[in-house]
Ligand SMILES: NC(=O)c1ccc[n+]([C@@H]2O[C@H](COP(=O)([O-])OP(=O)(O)OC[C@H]3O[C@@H](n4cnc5c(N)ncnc54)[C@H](OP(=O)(O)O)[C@@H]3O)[C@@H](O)[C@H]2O)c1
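In the form predicted alone, a lone chain appears below as structure tokens.
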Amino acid sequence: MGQPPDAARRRVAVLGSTGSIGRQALEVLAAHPDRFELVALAAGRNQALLEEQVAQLRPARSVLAGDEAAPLVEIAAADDVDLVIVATGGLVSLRAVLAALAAGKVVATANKETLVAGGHLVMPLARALADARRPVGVSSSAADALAWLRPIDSEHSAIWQCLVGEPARAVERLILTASGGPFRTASPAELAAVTVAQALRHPTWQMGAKITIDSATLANKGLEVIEAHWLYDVGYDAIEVVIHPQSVVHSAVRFVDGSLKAQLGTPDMRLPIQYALTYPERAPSPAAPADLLAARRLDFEAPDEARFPALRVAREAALAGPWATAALICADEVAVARFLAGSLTFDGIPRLLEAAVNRYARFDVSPPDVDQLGELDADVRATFATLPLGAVS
């Protein structure tokens, strides 16, 4: 399988420990003290909560990194770290992910920027680790690299679980499910008038503000399409998005024989977090088990890309290449921040994304390196953070 060697007790660093995913990751780690030892914590700006976590959990070291990548890199590559949980947002963690993989660490990540902007840099390292550890004579699996770069997002965890043990040649199609968010049936006029409070009321998941807004616009599903391309090494035409309001089926894989394998579970992020940490084993979880009788029905429908153009914009960026996808995810962070602050309408979010993709798509140059990604991120923010409302709304 090419998976990394097991240790009696994995030594874990958590980057982004004060955010929603970081806090839930700490819950999972605390529930399995026989499996994991927390050795390092890093946060962005929430000093008060970080100090509380340090006082309670007593890691060997901690850092309030702000926007600086260097402290994260130092933690991720440290000799006393076996597994790095990346629960941050933004490009700040990309260098840490690259450093961890280069040092032979396992990375469990919920950071979309790592793959949407830097998949061309990250995945070769993960696949090289898988190839180096695969026993002679053992054929490769579609999920081999994911023993090293482990997705925490529920959809990608679901696809990963469906692919374990399956040869890549057997995979025909990946099916990403989406709840559709709170505005699945809203009219264009209603979407234009959406308030922040309305957009933050997700019908099935409890998440941080950024991912909740992304779910409401379906931008998150477009970003996940790009992530899927890199994680599973499949073409964009083999990645489908299906609306599933109940959020019980987290995603599925169709194989060349026509069979469909899906992963089902309650909408609780502790489940995919724990799977990423305990793989290839499963462990008891505090999350409630899936109950098909309670669910009663499972509905599926095609996404309406006219109502939710962010999904279309993301697919167009994907086909345009790494410069466009990097601009897309940087612009999404700007757009969501502006919406939350009241300087951009809800339906202005996909318009800003499209403007950024059109501005930065570059077809005649090599994919961006880490430094160029940082420069692109800064330029997107400088360009779109203060763009007059009428230009994108």
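The first residue of the sequence shown is number 1, and the count goes up from there. Because the structure is predicted, anything quoted here is derived from the model rather than measured.
Form predicted in complex with the ligand: not shown, discussed below.
Asker: Taking heavy atoms and a 4.5 Å cut-off, does R58 contact the ligand in the model of the complex?
Answerer: Contact check for R58: no, nothing within 4.5 Å of the ligand in the model of the complex.
Asker: How about G208 - does it come within 4.5 Å of the ligand in the model of the complex, if we only consider non-hydrogen atoms?
Answerer: Result yes; G208 sits at the interface with the ligand in the model of the complex.
Asker: Indicate whether I21 is a 4.5 Å heavy atom neighbour of the ligand in the model of the complex.
Answerer: Yes, contact at 4.5 Å.
Asker: D34: heavy atom within 4.5 Å of the ligand in the model of the complex?
Answerer: No.
Asker: Pick the stretch from 296-304, 110-118, 143-151, 123-131 whose residues have a heavy atom within 4.5 Å of the ligand in the model of the complex.
Answerer: This holds for exactly one stretch, 110-118.
Asker: Out of A324, A65, V39, V336, which one falls within 4.5 Å of the ligand in the model of the complex, going by heavy atoms?
Answerer: That would be A65.
Asker: Quick check on this chain: which one of G89, P309, P245, G265 has a heavy atom within 4.5 Å of the ligand in the model of the complex?
Answerer: Exactly one listed residue reaches within 4.5 Å, namely G89.
Asker: Which residues within 160-189 place at least one heavy atom within 4.5 Å of the ligand in the model of the complex?
Answerer: Read in sequence order, no residue approaches the ligand (within 4.5 Å, in the model of the complex).
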